[in-house]
Each structure stands twice: as structure tokens, then as C-alpha cells.
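A single chain comes next, written as C-alpha cells; it is the form predicted alone.
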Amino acid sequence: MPNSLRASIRDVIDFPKPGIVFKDITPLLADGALFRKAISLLCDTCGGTRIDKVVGIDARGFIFASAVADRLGVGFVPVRKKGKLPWKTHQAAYALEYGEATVEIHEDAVNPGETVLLVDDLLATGGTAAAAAQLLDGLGAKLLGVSVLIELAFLDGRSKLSPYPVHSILTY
């Protein structure tokens, strides 16, 4: 089935800018059986460890993380771009190719000692996931690991997430 997942990912050349090959997940999302399989594989990355919450990264990570949370019967927590959450937040900034971005989490989203799984659709340079992990550390969460549908291994984002385990379903 991972081969069929891989076959459903569409390469879009020069999006969002020249020189980028964008991995489009929408064909996978549109196929119920493939989407269900992707969620099952992401759930399996817990290795049977009981978790308290699944944390998803804005925006496509919400699709996968909320489905994983539902399947595991636990809560879902969003990590959003700065200014998108309505209550008191903690923030973490990270570097972009040109400049900086900030992500936020509600200060009461995770209780100290809760075990969480961080889920996103794609791991590229690792900056956003590392910022999310920093936020979770600041709240006292026990981060079980980072699980992604797609990892662009040539960008070495995994190195920014040490010491957390990184699980990817598809690697390019």
C-alpha cells in the first residue's frame, strides 16, 4: 500500500515558485481508501504507546493530525501561525529561506507530563516542526515523536528534531 500512497502524490513543478517541486497530497486525500491507510500508518508510529494528545501543524498537518487523534480517541491540539489563535499563547520563531516566521500554541493546550505525538503532512527543512517541538517542551509535554506523511530527506529536516524520533511514511 505505501507504493499506492506514493503513486497518489502528484509532483507540481515550479510551485509555489520556480525551482520547487511541490508534493501535492490532494489526490491521496480524495481517495478514501488511501487516506484511511495513511492515517493508519501514522497511528502505527505510536508503537502502541498511549498518548494523550495529537498536535498538528498549520495547515495541512491539521488534516492528518485531527484524523489520527480521532482514530486514537484522544484530543487534537493545533499549532498555528502567529495571530491565528484567539487566546493566550506561547510563541516560537524559526528561520525561513528569507526571514523568519512564528508559530503559536495555546498556553493551556497541553498539560505538563502529557504524552503527545506531533503530526504534519511534510517534513522539509524542519524549522516549523522544531519550533512546534520547542513549544511543546515549554509546556512540559513528553513528545513521543514527530510523524509525517512525507519527508524530503535531501533537505535534512530530521537533524533539527534531535533527540525526538522522526517517523515518515514516504521518503523522497
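Because the structure is a prediction, the values reported are computed rather than measured. We number the residues from 1 along the sequence you see.
Here the subject shifts to the form predicted together with adenosine monophosphate, a form of this protein not shown in this document.
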| message | So, Gly127 and adenosine monophosphate: in the predicted bound form, are they within 4.5 Å at any heavy atom pair? | response | yes
| task | Please check if Leu122 has a heavy atom lying within 4.5 Å of any heavy atom of adenosine monophosphate in the predicted bound form. | result | yes
| Touches adenosine monophosphate in the predicted bound form: Arg60 (any heavy atom, 4.5 Å) | yes
| Should Ala153 be counted as a contact of adenosine monophosphate in the predicted bound form, where contact means heavy atoms within 4.5 Å? | no
| said: To test your reading of this chain, name the stretch in 41-49, 101-109, 66-74, 127-135 whose heavy atoms come within 4.5 Å of adenosine monophosphate in the predicted bound form. | reply: 127-135
| request: Let me know which residues along 11-27 have a heavy atom within 4.5 Å of adenosine monophosphate in the predicted bound form, or say none if there are none. | output: Ile20, Val21, Phe22, Lys23
